[in-house]
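Single chain ahead, written as C-alpha cells, the form predicted on its own.
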Amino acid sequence: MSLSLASRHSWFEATARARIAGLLDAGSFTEWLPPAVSQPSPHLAQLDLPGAFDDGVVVGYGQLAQKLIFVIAQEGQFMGGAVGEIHGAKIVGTLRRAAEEKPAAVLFLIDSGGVRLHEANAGLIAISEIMRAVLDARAAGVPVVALIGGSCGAFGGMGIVAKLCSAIVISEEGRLALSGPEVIETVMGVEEFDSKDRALVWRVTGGKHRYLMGDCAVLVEDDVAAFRSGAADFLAAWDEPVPGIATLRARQRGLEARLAAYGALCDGLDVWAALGVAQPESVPLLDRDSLVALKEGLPT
C-alpha cells in the first residue's frame, strides 16, 4: 500500500547514516572504523581536494528483525559516492568478514556513480576487489542484497557490483545502469542519449523499468521504512540456489534472448510495449502496487 507523504522519510534524500538508522532495529548498529579511528583518502589530500573522515562509506553491523546483519552504506553526498582506495577497502573488508563470520545477510546500500577518477587505478582495482568479495560472500552462503534508491543511483563499476549481488531492492527513484546518461551523451552525442531529458533517463535506467525487466527482485516506495520492510520480507523468504553450470548457461540464454528482443529499442516506452504492456505510456504514472500487479500479469 502506498505511504502518505506525511509519513514518509525519503530514502532518496537521506544520508547514509540516516538510512542505516531507519533500516536496522533501533539502537543495534555498531560502526566499524568510526570517526575516531577513520583515515581520509591520502590521494585526495595530495590533490588538495577535501576529504571525509569515512571516505564516503559507512560499514558495520546490527540487527534487522533480530537477525545479525552486516551493512555497507555509500554516502552519495560525498563525491557522488565514488569508489576510491580506502572507500573500496572498507567495503571489501566487510564482505570478507561476512564470508568468515556468516551473518544472516549483507545489506549493500549502493549510492554511487562508479570509480573515483581522482584515484585512477586505485579506484579501478578497488571495484574489482569488491566484485570478487561479493561473489566470495555469496559462495560462503551469505546473501548480499543491494538497496538502490539514492540520488546517485548505481552506475559504472557499482552497476556491475549491484548485478553481482544476490538480489536488488529498488525504488522508483533508484537508477541502475553501466554507463551514466552524461557519459553516454559525452561519448556518443546528445542524439544518442539526452541526459537532460529526465523522463527519458528514468524510463531507461529507473527503478520501474529495471523492475519490469526483471533486473530487480523488489520494488518499494521512496521511504526508509519501505526499504526496511522490503529487505526484511525478502530475506525471510530467500533461499539462494547453489550455483551451477546449468544455471549459468540458462541465464546466459536468457540474456541472449533479451538482447535479441530489445537490443534495437531506444526508449523504455518501446521496451514496455514489446514486453506486452497494453498502455506503456501509463507506466510512469502507476503507483508501486499497480506496477507490481502489472508485472505479475505480463507473459513470461
Partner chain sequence: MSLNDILDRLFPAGHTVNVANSVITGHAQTVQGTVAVLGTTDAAAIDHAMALALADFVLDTVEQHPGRPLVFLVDTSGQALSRSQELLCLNGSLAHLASCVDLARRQGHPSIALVTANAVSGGFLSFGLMADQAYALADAQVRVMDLRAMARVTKIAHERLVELASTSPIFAPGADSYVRMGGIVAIWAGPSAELLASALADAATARAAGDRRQADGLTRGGRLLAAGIAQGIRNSAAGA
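Quantities reported herein were computed from a predicted structural model and do not represent experimental measurements. Numbering follows the first chain given and starts at 1.
Heads up, the form predicted in complex with its partner chain isn't pictured, but that's what we're talking about next.
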(request) Establish, in the predicted bound form, whether E85, A89 and E192 all lie within 4.5 Å of its partner chain, using non-hydrogen atoms for the distance. (result) yes
(request) Could you confirm whether G56 comes within 4.5 Å of its partner chain in the predicted bound form, counting heavy atoms only? (result) no
(message) Taking any heavy atom pair closer than or equal to 4.5 Å as contact, tell me whether F234 reaches its partner chain in the predicted bound form.
(response) no
(message) Please determine whether R228 contacts its partner chain in the predicted bound form, using a 4.5 Å cut-off between heavy atoms.
(response) no
(message) At 4.5 Å between heavy atoms, is E173 in contact with its partner chain in the predicted bound form?
(response) no
(request) Counting only non-hydrogen atoms and a 4.5 Å cut-off, give the residues of 245 to 282 close to its partner chain in the predicted bound form. (result) I245, L248, R249, R251, Q252, L255, E256, R258, L259, Y262, G263, L265, C266, D267, G268, V271
